[in-house]
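In the form predicted on its own, a lone chain appears below as structure tokens.
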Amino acid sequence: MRLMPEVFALSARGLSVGYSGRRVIENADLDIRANALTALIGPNGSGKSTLLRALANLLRPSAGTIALHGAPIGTYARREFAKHLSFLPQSPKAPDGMSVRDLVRQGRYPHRTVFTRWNHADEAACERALTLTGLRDLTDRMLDTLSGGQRQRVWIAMILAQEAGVMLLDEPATYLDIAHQLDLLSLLRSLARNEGKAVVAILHDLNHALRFADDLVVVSDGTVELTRARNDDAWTGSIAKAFSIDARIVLDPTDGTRIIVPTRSFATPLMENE
């Protein structure tokens, strides 16, 4: 029997993308799985956000192709694309005078038209998003009265209300305290594993990536490397090379997960007599 090729939630082939004639990502191949949380990591300026924006169809590649559920992303109408893929940028901005409820409701845009009334499915999606992000008590608050961390959770709730099967998040843990970072990453992992979503998140905390991610994408010097072997020492080698550090893996005594411990950086020469 002939086996059908696997159709990934999101794929790129030979992808090159950049700005003003300068390529940031060069000839990248990438396959994003459903039922998995993929951590996108790399040093500052490596092209993580550029890659994510290209996958979200917000930057036109100079070469290569991107497919969503096996179909070229250019074949999707805007509203239909948004039903399947949601994107949270690094520094989102909302209009003045908007409440928490108003912004979360914006996530229902792909499912509605000017002739569609607000219905039970819309309300249920928003209420669930507010509950999952711990915002039920802030529903009627104005956005400009919230802390940075609270506003970030509202944006995440809006993305959850969209109910897309593919979620791309650029530094979603920004502004969140450690408790809410852990809650968010646990939530994203649960959405991937229990609801079949393909979740891709840019993370700066390498140990969060090791603890929560199923797959790891390392972006460095325009190259993109995907590793699926969770907690494998191959992750250590990829991370050490990308960040120009010497590092080793140790086991967390509380749960046996692996922790990466950087020992020194090779980015700058060591101080004499250090």
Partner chain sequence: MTRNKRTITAVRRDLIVAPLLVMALMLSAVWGLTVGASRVSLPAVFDALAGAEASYESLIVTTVRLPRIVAALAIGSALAVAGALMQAMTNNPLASPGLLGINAGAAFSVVLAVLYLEPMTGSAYAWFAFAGAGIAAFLVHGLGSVGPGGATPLKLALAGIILSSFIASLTTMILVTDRATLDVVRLWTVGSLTGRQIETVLPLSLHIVAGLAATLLIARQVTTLGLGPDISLSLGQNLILWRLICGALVVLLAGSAVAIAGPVGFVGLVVPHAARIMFGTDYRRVLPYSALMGAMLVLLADTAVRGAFSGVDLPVGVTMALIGAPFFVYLARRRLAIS
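Positions refer to the first chain, counted from 1. Values in this document were obtained by computation on a predicted structure and should not be read as measured data.
There is another form of this protein, the form predicted in complex with the partner chain, and it is not shown here; the text below is about that form.
- Shown alone, this chain has one stretch from 199-207, 124-132, 185-193, 90-98 that lies within 4.5 Å of the partner chain in the predicted complex by heavy atoms: 90-98.
- Interface residue among Leu138, Leu169, Ile73, Val166, judged by heavy atoms within 4.5 Å of the partner chain in the predicted complex: Leu138.
- Taking the partner from the other structure, the partner chain in the predicted complex has no heavy atom within 4.5 Å of any heavy atom of Gln152.
- The closest non-hydrogen atom of Arg53 lies within 4.5 Å of the partner chain in the predicted complex.
- The partner chain is not drawn, but in the predicted complex it has a heavy atom within 4.5 Å of Leu103.
- In the predicted complex, the partner chain lies within 4.5 Å of some heavy atom of Met142.
- The three residues Leu58, Arg79 and Leu85 all sit with a heavy atom within 4.5 Å of the partner chain in the predicted complex.
- Of all the residues from 153-183, those having a non-hydrogen atom no more than 4.5 Å from the partner chain in the predicted complex are Trp155, Met158, Gln162.
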